[in-house]
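This document starts with one chain, in the form predicted on its own, laid out as structure tokens.
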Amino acid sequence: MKRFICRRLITGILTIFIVFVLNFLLIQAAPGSPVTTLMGKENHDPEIRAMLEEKYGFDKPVIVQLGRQLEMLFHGDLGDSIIQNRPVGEMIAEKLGPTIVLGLTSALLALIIGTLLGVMAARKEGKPVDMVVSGTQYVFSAMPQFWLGLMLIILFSSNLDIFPSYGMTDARADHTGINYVIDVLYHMCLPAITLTLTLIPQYFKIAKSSVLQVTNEEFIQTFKAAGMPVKQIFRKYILRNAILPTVTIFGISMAYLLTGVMLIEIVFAWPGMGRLMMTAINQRDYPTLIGINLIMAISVAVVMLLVDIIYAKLDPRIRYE
């Protein structure tokens, strides 16, 4: 296992490096420029443009700019935002917490609820419970996240006035301690419900199909023929084997957590990474985009490594040596 982890760490570092270089080149090749954003659309003074390009190093060849970015990265510096004139690392640190809180809460709820519903539907296959649950999940699977979020705002915020429709906290209140936590949870209800409802179907489908597939395996039929109790077979063999694909889906969801909630953050004005990335794209803020993409690449590599380790723990048949 140690050798496997070391190999994966090396592979992950190389992957992060390649992704960083590709993202840098793609961002440079995209139309638009942060200099144009700084100058304004109506200002076309070539002297001002040349001065700004020299200040931020855009007058240098792309390979020179890439080398400068890599040198800064090796020193733990993500650079400064061109538009906001603040350290990119500081900006990401401010937005990372709200995104993790919202995304992780929603993903965990979706994993638990979706897996339980999938297992229940598989054990009641063809019965009314299965048809109702499966039909409901197909409906939520077809709903766009932003549309469902808007519908929930209209229903629970505008009409019923139960939950707030935007923000992470009440700006007019100065909560601290447990009151602050309660305020955050209260504001997180609608965006978390939206994300959870749209994430549940993927766990439901995987869990249901996996349970049905494992149930029909020959070794399960052998256990049944030998007289082993059905509950013991399900708990010890079927569920343990069927849960592996849901772990993979959960790992992938966690890997793309940082940008996966972008639309929800925009709809509910949630102060997270999604809104920061959208703002950076609109303003052509290269250092901020590069920093966000780097954090995303690191998260993918780390989570994929953790998923492989969890796989080995859940299924003794998997060996990496």
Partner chain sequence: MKKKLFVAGLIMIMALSMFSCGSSDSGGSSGESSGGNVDTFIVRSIGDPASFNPDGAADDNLFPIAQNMYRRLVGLDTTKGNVVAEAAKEWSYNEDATELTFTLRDDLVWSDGEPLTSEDVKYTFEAIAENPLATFSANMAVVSSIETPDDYTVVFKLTQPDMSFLNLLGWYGTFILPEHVWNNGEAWEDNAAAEEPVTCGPFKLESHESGESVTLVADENYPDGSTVSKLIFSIIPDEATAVQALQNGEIDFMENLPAAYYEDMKADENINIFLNAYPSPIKMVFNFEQGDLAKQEVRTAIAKAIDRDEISEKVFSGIQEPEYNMYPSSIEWATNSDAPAPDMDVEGARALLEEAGYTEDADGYYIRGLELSVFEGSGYPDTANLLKAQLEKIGIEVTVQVSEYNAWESKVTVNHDFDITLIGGFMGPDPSGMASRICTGQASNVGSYSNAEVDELMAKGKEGPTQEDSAEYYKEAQAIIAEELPYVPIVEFVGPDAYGSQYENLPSDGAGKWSWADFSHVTMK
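Positions refer to the first chain, counted from 1. Every value quoted in this text rests on a predicted model; they were computed, and no experiment measured them.
Just so you know, the form predicted together with its partner chain exists too; it's not on screen, but the next bit is about it.
Visitor: In the predicted complex, do A93, T105 and S209 all put a heavy atom within 4.5 Å of its partner chain?
Guide: The answer is no: none of the three residues contacts the partner (heavy atom, 4.5 Å cut-off).
Visitor: May I ask you to state whether Q202 is within 4.5 Å of its partner chain in the predicted complex, using heavy atom distances?
Guide: The answer is no: Q202 has no heavy atom within 4.5 Å of its partner chain.
Visitor: Verify the contact flag for I153: yes if a non-hydrogen atom of it lies within 4.5 Å of a non-hydrogen atom of its partner chain in the predicted complex, no if not.
Guide: I153 belongs to the contact set for its partner chain.
Visitor: Against its partner chain in the predicted complex, would T169 count as a contact residue? Criterion: heavy atoms within 4.5 Å.
Guide: Answer yes; at least one heavy atom of T169 falls within 4.5 Å of its partner chain in the predicted complex.
Visitor: Please run the contact check for S253 against its partner chain in the predicted complex: heavy atoms, 4.5 angstroms, yes or no?
Guide: It does not: once its partner chain is placed as it appears in the predicted complex, S253 has no heavy atom within 4.5 Å of it.
Visitor: Let me know the one among I162, V230, V139, M72 whose heavy atoms come within 4.5 Å of its partner chain in the predicted complex, would you?
Guide: Of the listed residues, the single hit is I162.
Visitor: Tell me, which of L26, A50, V62, I266 has a heavy atom within 4.5 angstroms of its partner chain in the predicted complex?
Guide: Going through each option in turn, the one that passes is I266.
Visitor: In the predicted complex, which of 153 to 161, 245 to 253, 219 to 227, 232 to 240 comes within 4.5 Å of its partner chain (heavy atoms)?
Guide: Contact criterion met by 153 to 161 only.
Visitor: Can you name the residues of 82 to 110 that have a heavy atom within 4.5 Å of its partner chain in the predicted complex?
Guide: Result: I83, Q84, N85, R86, E94, K95.
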